[in-house]
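In structure tokens, the next block holds one chain alone, the form predicted on its own.
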């Protein structure tokens, strides 16, 4: 950074430098302020009992054990549905559909539009289609399927760009060696496209695990321990919303629940980054 500053001689370069670093500092300061506020109000309420016990007195007392289980099940359903469909669609768009193809252009345009649709619209769609039309009712399965619909546009587009970023020499070299298209995809292109896949996965999981509006209309409010995917379950984001907006005296547990949610997001992001680094390193060593 010192060398960069020493090379800045044009006033415009100084202005650009100040703007870039000022923006980065502002974003970092905002994140630290939010995290510090959550830590200050919520850390003292975190305990093993809080993480495992069921809520009591509308959430004012007790813990978030059933809430965490419901959140994990909803997220599991979301990923189990969105990952295979997302990767398969991305492969179709990137490897078997050209930019000039009408089907490809319409599909990409539709995905871009869906990525910007408000979550409340997905929630109403999930309520009508999954809860009522398919008869799943307010359930973890309905919530997970609705979140999968929300995650798919981001996951597909990010994974597609990851495949397109792979150099053409990879494909030409595989063809010269006589490798089949399937072998090339599985053993060469997919590992090289992992960064794009992980970007979409992290963004999608971050949106899914923190979603509130869509789950209110699909998974429901019930805070008991779910017995199956057809049971209603309260996600962590809905629990935070309910405690902070509808339950007087629930701010302490709302802060603690928010802290758990932030920690989960950081763990997911860190795990995804570690898997990407480990996978790429193992691929390089193998090669």
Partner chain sequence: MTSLHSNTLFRWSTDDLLCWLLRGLAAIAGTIVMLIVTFLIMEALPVLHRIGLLRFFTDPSWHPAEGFYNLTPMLWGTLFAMAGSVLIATPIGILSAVFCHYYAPFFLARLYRRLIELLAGIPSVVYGFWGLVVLVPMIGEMHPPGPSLLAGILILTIMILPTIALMADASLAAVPQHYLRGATALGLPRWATIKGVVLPAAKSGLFTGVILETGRAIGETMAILMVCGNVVQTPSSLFDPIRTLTSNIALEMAYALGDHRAALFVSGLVLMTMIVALAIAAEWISRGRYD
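We call the rigid core the largest set of C-alpha positions that still match within 1.5 Å between the two forms. Note that this is a predicted model, so its numbers are computed, not measured. Positions refer to the first chain, counted from 1.
The same protein also has a form predicted in complex with its partner chain, omitted here; what follows describes it.
Colleague: Can you tell me whether residue 227 touches its partner chain? I mean in the predicted complex, with a 4.5 angstroms heavy atom cut-off.
Modeller: Residue 227: no, not in contact with its partner chain in the predicted complex.
Colleague: I'd like to check something about residue 231: if you look in the predicted complex, is any of its heavy atoms closer than or equal to 4.5 Å to a heavy atom of its partner chain?
Modeller: No.
Colleague: Though only this chain appears here, would residue 47 touch its partner chain in the predicted complex if you measure heavy atom gaps against 4.5 Å?
Modeller: Answer no; every heavy atom of residue 47 is more than 4.5 Å from its partner chain in the predicted complex.
Colleague: Quick check on residue 271: any heavy atom within 4.5 Å of its partner chain in the predicted complex?
Modeller: Judged by the heavy-atom cut-off of 4.5 Å, residue 271 is well away from its partner chain in the predicted complex.
Colleague: Counting only non-hydrogen atoms and a 4.5 Å cut-off, give the residues of 30 to 61 close to its partner chain in the predicted complex.
Modeller: Contacting residues: 30, 31, 33, 34, 35, 37, 38.
Colleague: Does the C-alpha of residue 16 move 2 Å or more between the shown form and the other one once the rigid core is lined up?
Modeller: Shift at residue 16: 2 Å or more after core fit.
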